[in-house]
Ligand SMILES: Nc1ncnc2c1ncn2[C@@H]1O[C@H](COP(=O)(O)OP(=O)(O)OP(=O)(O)O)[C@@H](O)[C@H]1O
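Take a look at this single chain in structure tokens; it is the form predicted on its own.
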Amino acid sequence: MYTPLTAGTVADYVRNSPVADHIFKQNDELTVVDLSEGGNVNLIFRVHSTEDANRSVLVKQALPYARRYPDGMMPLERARIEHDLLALEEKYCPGLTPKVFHYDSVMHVNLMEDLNQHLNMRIGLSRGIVYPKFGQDVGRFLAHTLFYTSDIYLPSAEKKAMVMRFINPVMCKVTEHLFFNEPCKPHPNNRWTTPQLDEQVKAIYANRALHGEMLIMKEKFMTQAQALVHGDFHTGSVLLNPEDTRFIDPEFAFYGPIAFDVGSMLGNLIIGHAAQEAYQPDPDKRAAYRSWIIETIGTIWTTFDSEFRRLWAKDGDKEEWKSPHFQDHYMAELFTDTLGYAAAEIFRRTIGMAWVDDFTGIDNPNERAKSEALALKTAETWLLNRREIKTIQQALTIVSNTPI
């Protein structure tokens, strides 16, 4: 019977689980740390040996509602989707996701590797930490997980069966509203952190072309079942240190547009780039760290593009999809859509309801407004001009040259 776990019951749950004997000693006293506060729709606990904190497991349980909005019902099935996608990601790109030790289909719990030596990347960006492997890790992860779940690789019938296996309508509906319907027009859910953005937001609301382009991106999101996408792929879904990168939380996964995952990550890095205006007061250090973020965005796209093409040549259906012209068209469309989805992510994180710590962690409202305005300018330019931007270098030049 499904029952939400608590800090008082989770230790016994873990002790009676199939993983206990593999992680803990028989007489281990267990300590529970409740990590749920930062989330909205899941319970998350770290359970570790009191004697040795390295003997630990992470317990993630789906809730049937959103804590901030208890009337909003959420599907418990998303825990199974998360488990299944993590297994596929480990198959196609080993070592870049947490290990899942056990899935409990009754309690909708995943027991997984506790990455307690890793930091959430949003925090890392605010601290100015350089992650040398991150760009290549992201590009390779996206290329492998998206290529091997796409029509370019999978036989038609197998791919269609996968679409059914990962149908996720409630979570998709959340995204359709939060990304595309709400942020760029007046809506009661929208908010921004300071009235200094009022005029910029009014201009965005009044821009009919911008609203129309957002609907174009929404229609693609709803109809392009290109590959099995993570669905919530951003810097908050990354735990890492300079030597190791792991991608987490794929509970929004579904068959959708490949560019959605790529664009979501790039949009969040643009947010991190803009926020440096407040986080790093030294202008030389700020410029150097921003240059690293820009370089990393470029590395993500170029690695993704080259690796996706390499896999296409190696493992793609040679008879079905053998056409250099089509491949170039396909990748060019992915790039154009990537810029559009990056813009949508910036809008929803800045003037929608899904705020991020990159901006809310800035105490000074003037500095926060300056950072948010910078991100919004990039989003607007990328969205409206994405068809004319042909290379990642052109896109990043826009970012570097956007006036602060």
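Everything numeric in this text was worked out from a predicted model, so none of it was measured. In this text, residue numbers run from 1 along the sequence as written.
Omitted from view is the form predicted in complex with the named molecule, to which the following refers.
Not displayed here, the named molecule is approached by residue 41 to within 4.5 Å at the level of heavy atoms in the predicted bound form.
Within this chain, residue 76 is remote from the site of the named molecule in the predicted bound form, having no heavy atom within 4.5 Å. Interface membership of residue 353, defined by any non-hydrogen atom within 4.5 Å of the named molecule in the predicted bound form, is ruled out. Among heavy atoms of residue 47, none comes within 4.5 Å of the named molecule in the predicted bound form. If you check the named molecule in the predicted bound form, you find no heavy atom from any of 227, 259 and 334 within 4.5 Å. Note on contacts: among 115, 172, 129, 93, the single residue with a heavy atom within 4.5 Å of the named molecule in the predicted bound form is 115.
With the partner removed from view, the residue among 316, 124, 298, 98 that has a non-hydrogen atom within 4.5 Å of the named molecule in the predicted bound form turns out to be 98. Judged by heavy atoms within 4.5 Å of the named molecule in the predicted bound form, the contact stretch among the candidates 336 to 344, 22 to 30, 56 to 64, 363 to 371 is 56 to 64. Residues of 245 to 277 that come within 4.5 Å of the named molecule in the predicted bound form, judged by any heavy atom, are 248, 249, 251 in sequence order.
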